[in-house]
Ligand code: UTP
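As a starting point, one isolated chain is supplied in structure tokens, in the form predicted on its own.
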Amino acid sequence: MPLNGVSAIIPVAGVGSRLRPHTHTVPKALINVAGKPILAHILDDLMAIGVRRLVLVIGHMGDRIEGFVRAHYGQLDLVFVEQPERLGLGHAVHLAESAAAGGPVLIDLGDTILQADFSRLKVGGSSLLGVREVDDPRRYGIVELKDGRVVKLTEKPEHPTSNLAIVGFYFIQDSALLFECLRENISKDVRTKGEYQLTDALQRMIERGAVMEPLPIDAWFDCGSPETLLQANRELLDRQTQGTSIPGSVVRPPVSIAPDAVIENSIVGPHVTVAAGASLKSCSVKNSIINENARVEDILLDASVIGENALVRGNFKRLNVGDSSEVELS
């Protein structure tokens, strides 16, 4: 179902401070989860619903993101826009105005993987905001509904009146009004929490008569910290069904192991991603992500993220310890 005339705006300019030290050398959007970079999950999903034009707002290590996208998605209509100063999501979307070609826009955040029924996305239909109930709505932009329509949006309220959070997916029919509201907020220096918020521009649109409806999000994988990255890795791997067998090693599914990864005399899984060029020798690894060209040897790993080209080496010990003993290993 091609979404003719729709431009997908994907902000990927963030530095990913909560994922340091990995994001010192790799853009957050290119960190591997469940077998491929976060951004690849997002772009594959957009292609599956018929999007053919991508506007990526880049910043931190934007050359690497552009190189990856051109190499793997060169068949699409690609535009790259730089956000030299990170002034908020509203500012990032504002910068994409001239590249968005004037039709409807779909805004999809570059660090969040979503799963939902996207069949409601139709040119000429209603604008849709991805929403999901959350336990602590103070951390999010929230939505208030009336008669099935969005009537109010508030960014990270101190006293929430709803637990329905906006989860980073926006399908806006009237992009001209969206960009007009963004320009107005920026020209008047309207900020929330110190940034130009997309939520504030959407609220201004509603006040001017724009009709928006909620789009329930079935699964929401936030990849912004090591803990949530590993959780996303677990849940996405659980949704995959392929099996893997490696002679001389034990594989406990679900796992994702790149075809050229080297696994020797090891126990891998469950919930392990091993990226291209990585090497695991004489080790046991579970609930972890091993990134490209990393080497892991002689160690037990759990709940770990190993960066590109890293070397992690330990040693095994055998103990026969009697009652009432104390052993300290360093």
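Residue positions are given as counts along the sequence shown, with the first one as 1. This is a predicted model, so every value here is computed, not measured.
In what follows, reference is made to the form predicted together with the named molecule, a form of this protein that is not presented.
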Note to self: Quick check on residue 14: any heavy atom within 4.5 Å of the named molecule in the predicted bound form?
What the structure shows: yes
Note to self: I'd like to know whether residue 83 contacts the named molecule in the predicted bound form, with contact meaning heavy atoms within 4.5 angstroms.
What the structure shows: yes
Check: With the partner left out of view, is residue 110 within 4.5 angstroms of the named molecule in the predicted bound form by any non-hydrogen atom?
Finding: yes
Note to self: Please tell me whether any heavy atom belonging to residue 130 falls inside 4.5 Å of a heavy atom of the named molecule, as the geometry stands in the predicted bound form.
What the structure shows: no
Note to self: Check for me whether the named molecule, as it appears in the predicted bound form, comes within 4.5 angstroms of all of 271, 295 and 307 - heavy atoms only.
What the structure shows: no
Checklist line | Single option in 177, 206, 87, 251 placed near the named molecule in the predicted bound form, where near means a heavy atom within 4.5 Å | finding: 87
Next item on the list: Tell me, please, which stretch of 110-118, 140-148, 159-167, 179-187 lies within 4.5 angstroms of the named molecule in the predicted bound form when heavy atoms are compared?
Entry: 110-118
